[in-house]
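Next comes just one chain, in structure tokens: the form predicted on its own.
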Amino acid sequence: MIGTGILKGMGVTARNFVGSYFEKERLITVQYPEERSPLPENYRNFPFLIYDGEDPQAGLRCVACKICEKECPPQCIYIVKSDDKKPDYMGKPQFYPKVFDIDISVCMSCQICVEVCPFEAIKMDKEFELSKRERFNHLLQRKEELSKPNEYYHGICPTEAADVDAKLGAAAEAAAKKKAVAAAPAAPVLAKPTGPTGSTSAPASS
């Protein structure tokens, strides 16, 4: 019958309209910005950089490998590598970004930069209130604005952040064990006993 789908849709609308007076779960609208609906953990908007510890310069995970810049489809990431190095989360000297800019007016929130990053340094934020009066430079986020602590990441994505920390911790522990094994002195090799003629003595036959 023609119009059956419309009648079913109107029925759903009517049930939700009447039910909203009795069941709070049926309320769809909220009084924004005073009221805000909670965002799911897998919600994503624009990228940000993670740093460990208190200092965003010393603890920044990014090593300026430029993989995210190369893989970004709209080419909205701009990186300049440093001239010197600093220790990363495993204590290995690494380069770091002297400049790291993201143009959020161009970013398409595809998350490819997150997927290709081998150092878990860039993640997707949930912040969406980023409108500006100007169109150009004010929508260009620089390293100082993009850098956020690991605690912030745990606050918006607790499950994913815990998995990332476990992965990085396991990698750091494996690197420390490998370094300790390499630094340990080699055990001395004992010479085998020799016979009267200087040859190695053979075991006695039964």
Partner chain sequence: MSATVQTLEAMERPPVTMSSRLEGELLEVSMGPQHPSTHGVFRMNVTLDGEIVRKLKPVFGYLHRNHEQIGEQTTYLGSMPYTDRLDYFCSMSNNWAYALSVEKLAGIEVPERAEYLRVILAELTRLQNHASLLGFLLSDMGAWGTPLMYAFREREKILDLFESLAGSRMMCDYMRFGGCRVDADDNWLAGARKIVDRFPKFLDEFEELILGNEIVIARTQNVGKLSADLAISAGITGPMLRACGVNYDVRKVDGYGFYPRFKFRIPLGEHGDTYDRLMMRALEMRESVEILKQALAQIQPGAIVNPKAKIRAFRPPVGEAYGRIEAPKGELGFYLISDGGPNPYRYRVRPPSFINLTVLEDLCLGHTVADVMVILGSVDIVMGEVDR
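Residue numbers count along the first chain shown, from 1. If you're wondering where the values come from, they're calculated on a predicted model, not measured in any experiment.
What follows is about the form predicted in complex with its partner chain, which we do not show.
Using a 4.5 angstroms heavy atom cutoff to its partner chain in the predicted complex, none of F46, P87 and V181 count as contacting. Contact with its partner chain, judged by heavy atoms within 4.5 Å in the predicted complex, is confined among 35 to 43, 49 to 57, 172 to 180, 143 to 151 to 35 to 43.
Taking non-hydrogen atoms only, K167 never approaches its partner chain to within 4.5 angstroms in the predicted complex. Within this chain, E127 is remote from the site of its partner chain in the predicted complex, having no heavy atom within 4.5 Å.
Using a 4.5 angstroms threshold between heavy atoms, A162 stays clear of its partner chain in the predicted complex. With a 4.5 Å cutoff on heavy atoms, P93 does not count as touching its partner chain in the predicted complex; it lies far away. Contact residues in stretch 13 to 38 (any heavy atom within 4.5 Å of its partner chain, taken in the predicted complex) are T13, R15, N16, E23, E25, R26, I28.
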